[in-house]
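First, one chain by itself in structure tokens, the form predicted alone.
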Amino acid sequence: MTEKAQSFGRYLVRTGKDIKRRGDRYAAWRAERATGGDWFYEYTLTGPAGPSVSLQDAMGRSVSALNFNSQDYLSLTSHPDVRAAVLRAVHDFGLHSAGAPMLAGNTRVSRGLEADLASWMGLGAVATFPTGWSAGFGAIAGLCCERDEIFIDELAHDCLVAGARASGAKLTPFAHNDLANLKDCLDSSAPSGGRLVVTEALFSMNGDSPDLKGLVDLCARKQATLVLDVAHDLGAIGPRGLGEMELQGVLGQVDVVLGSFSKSFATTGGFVGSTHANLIDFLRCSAGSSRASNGASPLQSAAARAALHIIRSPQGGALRSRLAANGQLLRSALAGSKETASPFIIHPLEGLARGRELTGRLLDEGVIVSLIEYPAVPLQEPRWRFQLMATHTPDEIGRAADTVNRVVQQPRGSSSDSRRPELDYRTGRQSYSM
């Protein structure tokens, strides 16, 4: 079996005395996969990220394909109103504010965005961050200390886990979307400080959601603070675009809400909001990713604010309707996909080697889709994630579905699955590759 067939976990283990050489094996493995046309990451766009896309792969080869690999759910990245807002921000403020928010890093447009988000979500205050990752990390690390205990869904995003570890608090994972298990964990805990429960409104690798009303009630009973990551659902689903909080009737009831602008808001950046306005002022100083980092640029803030205006308008409602219809159309046409009401579709694959083989065949047929491998998902559970856009046409979706169904029915190639043990690069525990 070739090195190429191995998973990321074998090459991301941080071992060896010569730290500067730790990337050598990974680089060789990556190059072997890329040379063989088996590397489906690190594409370079040569045009806008629309329903069809032109790009270059890691070897510099040109690729044109139907695009189900971008997360511009409402297709606002190239919207003329968003572009116009960014150009106005460039004229009024230049390219960035040249300071952290605690100094002179705020602008009129970033403050306006924060106020608009707080009003829309029914929160006391909102602070923006330069990236979604820094918002998630900073919120958890900035809120907790070693006297606290953090209860976190076992499938929570990397930024949330990293923030929890950086805080020094006791970290207690609970079973995915399992309220009963969370209750048991809370019942058996007795930290000298506070208790924080961390989860997501829509899990990006599974397409499922927790019982938010149950979580709100449980946290209130157990005197725990609830943190909810709304990166993938906010803006994209719900009658007013307010995601699962709106659909499950908990708007204004979640203690801390955080998210990213990189899905439905046409730009990079993120935010943290709370029903307790003083907590946000505290985070502006306690979260290192805010206090010690330049704030979101005026361009980012202008793009997100313009996107929010569209999201809240009838046009935004029409875009969400088109997005939902596109999702239902593709789910109905794809055999074996998970039935979830999300702006993306999860399609399980039969092994890592088979997943890579089929992804390559799809690309050859002119369809690009996210191949999700370990460590983003468990070693033996690779999957495709088809990310929809509101501007995908029924014809494009039909052609993609026909291609996927045809490719999946093709016989296996010569590659075979691996069962050799390898180390989980995050925990050091032994696991098994596909």
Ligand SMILES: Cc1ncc(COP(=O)(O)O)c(C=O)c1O
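Start at 1 with the first residue shown and count on from there. Note that the structure is predicted; figures quoted are calculated from it, not measured.
Below, we turn to the form predicted together with this ligand, even though it does not appear here.
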Can you tell me whether residue 195 touches this ligand? I mean in the predicted bound form, with a 4.5 angstroms heavy atom cut-off. no
Find out whether any non-hydrogen atom of residue 151 is located within 4.5 angstroms of this ligand in the predicted bound form, and reply yes or no. no
So in the predicted bound form, is this ligand close enough to residue 132 to count as touching (4.5 Å, heavy atoms)? yes
4.5 Å heavy atom contact, residue 260 and this ligand in the predicted bound form: yes
Can you pick the one in 224, 308, 245, 159 that has a heavy atom within 4.5 Å of this ligand in the predicted bound form? 159
Exactly one of 75, 204, 209, 128 has a non-hydrogen atom within 4.5 Å of this ligand in the predicted bound form; which residue is it? 204
Per-stretch contact check against this ligand in the predicted bound form, the hit in 215-223, 326-334, 132-140, 82-90 (non-hydrogen atom, 4.5 angstroms): 132-140
Going through 266-281, which residues have a heavy atom within 4.5 Å of this ligand in the predicted bound form? Please give them in sequence order. 269
